[in-house]
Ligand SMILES: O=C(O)CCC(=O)C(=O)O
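Here we start with a single chain on its own, the form predicted alone, put down as structure tokens.
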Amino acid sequence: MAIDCMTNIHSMSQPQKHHHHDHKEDEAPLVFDASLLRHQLNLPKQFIWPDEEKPCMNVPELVVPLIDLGGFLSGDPVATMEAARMVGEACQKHGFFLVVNHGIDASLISHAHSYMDDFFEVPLSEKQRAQRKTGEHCGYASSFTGRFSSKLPWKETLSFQFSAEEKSSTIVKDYLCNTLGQEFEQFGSVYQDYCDAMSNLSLGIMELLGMSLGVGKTCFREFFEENDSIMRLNYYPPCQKPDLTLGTGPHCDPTSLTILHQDQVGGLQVFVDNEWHSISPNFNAFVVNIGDTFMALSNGRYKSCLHRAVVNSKTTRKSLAFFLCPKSDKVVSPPSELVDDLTPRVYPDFTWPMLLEFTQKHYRADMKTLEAFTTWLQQKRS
């Protein structure tokens, strides 16, 4: 799942510009009001994707390793080694894997799904109290209509920041209450708890990633200990012409690690071996994938993978995406063990806010984000 989604790949030396005002002056700005659009047979042209990017519904299922974290979480060294081996294998193939017996309370996951309806099913004008401002990544976005003028995703999102620092222990709850009103206090508490749980789970997965790369279990865990992450609620309403549009366009996540929980409605597709595959919902599992920032941390040894979301004509699809990101002052630079004469440095040093700014203001995230960002950074520094 994305910070944003893909557009056509322009010349790498010219970062893509976001067009905020390229609607004709006589056209009213497009508003994505799901309560109306979900019944429309004729889709506004901005939602119709080019033929070469239109979705195919019947795609083969991706065989994704199901990694049992039970033994790792209880400290069993043999189970831990096996989990690290399976994580490493998945990250060399495509960067996607499922985790079960992850220690996250099932009722917390259920609450996090059910509370989404409390927000997304209110009238648009109420949701717009949390409207995302141009150039920012937090708040409510209805299909990113303010940012892009074509290939719009068929979805609504609510995104907010999380911080693992002790002094920010109520950051999610405070943001949601301040933005939406005190009646959302319980809503805020649920997502504060959910983010805390996701942050802890991420740190465990970082131990396994460190072991799989041979840099030890504490290396990446310590790097992300005080993470500044992003939580996103994704809401994909039904669409009467699901074969013409996408819920989220093809992209690689620019963040470090994504932990996704899908409801029972399928829609996630991953591009592997030159074709799209689906990852079926499993309510007991989280879908985990690495993003561009971790790809840079691993010196390119582990690759982020292209994925997208499709929609359907009958049922709303919901997903919870936690994007692990380093603390803003941390320099993304691979451990020395991953750099040698055979594998020299692939990407320059950067901080996460630099890459985030690039994807918010200069470039619509796709499969070449890191490449384009590297070029942009080098030009900026020279």
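Since the model is a prediction, treat every value here as computed from it, not as a measurement. Heads up: residue numbers just count along the shown sequence, starting at 1.
Below: the form predicted in complex with the ligand, not depicted.
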Site for the ligand on the shown form, pose borrowed in the model of the complex via C-alpha superposition, classified at 2.4 angstroms from backbone or C-beta (3+ atoms blocks) as blocked
Only one of 106-114, 80-88, 205-213, 246-254 has residues with a heavy atom within 4.5 Å of the ligand in the model of the complex, and that stretch is 246-254
Note: exactly one of L268, L158, C239, V172 sits with a heavy atom within 4.5 Å of the ligand in the model of the complex, namely L268
The one option of M198, V190, A309, A296 with any heavy atom within 4.5 Å of the ligand in the model of the complex is A309
### Message
Would you classify F47 as touching the ligand in the model of the complex, given a 4.5 Å non-hydrogen atom cut-off?
### Response
no
- prompt: Would K93 show up as a contact with the ligand in the model of the complex if we use heavy atoms at 4.5 Å?
  reply: no
Is the gap between N234 and the ligand in the model of the complex 4.5 Å or less for some heavy atom pair? yes
Query - Partner proximity in the model of the complex: V99 to the ligand, non-hydrogen atom cutoff 4.5 Å - result: no
Check: Candidate spot A164, K217 and F224, all three in 4.5 Å heavy atom range of the ligand in the model of the complex?
Finding: no
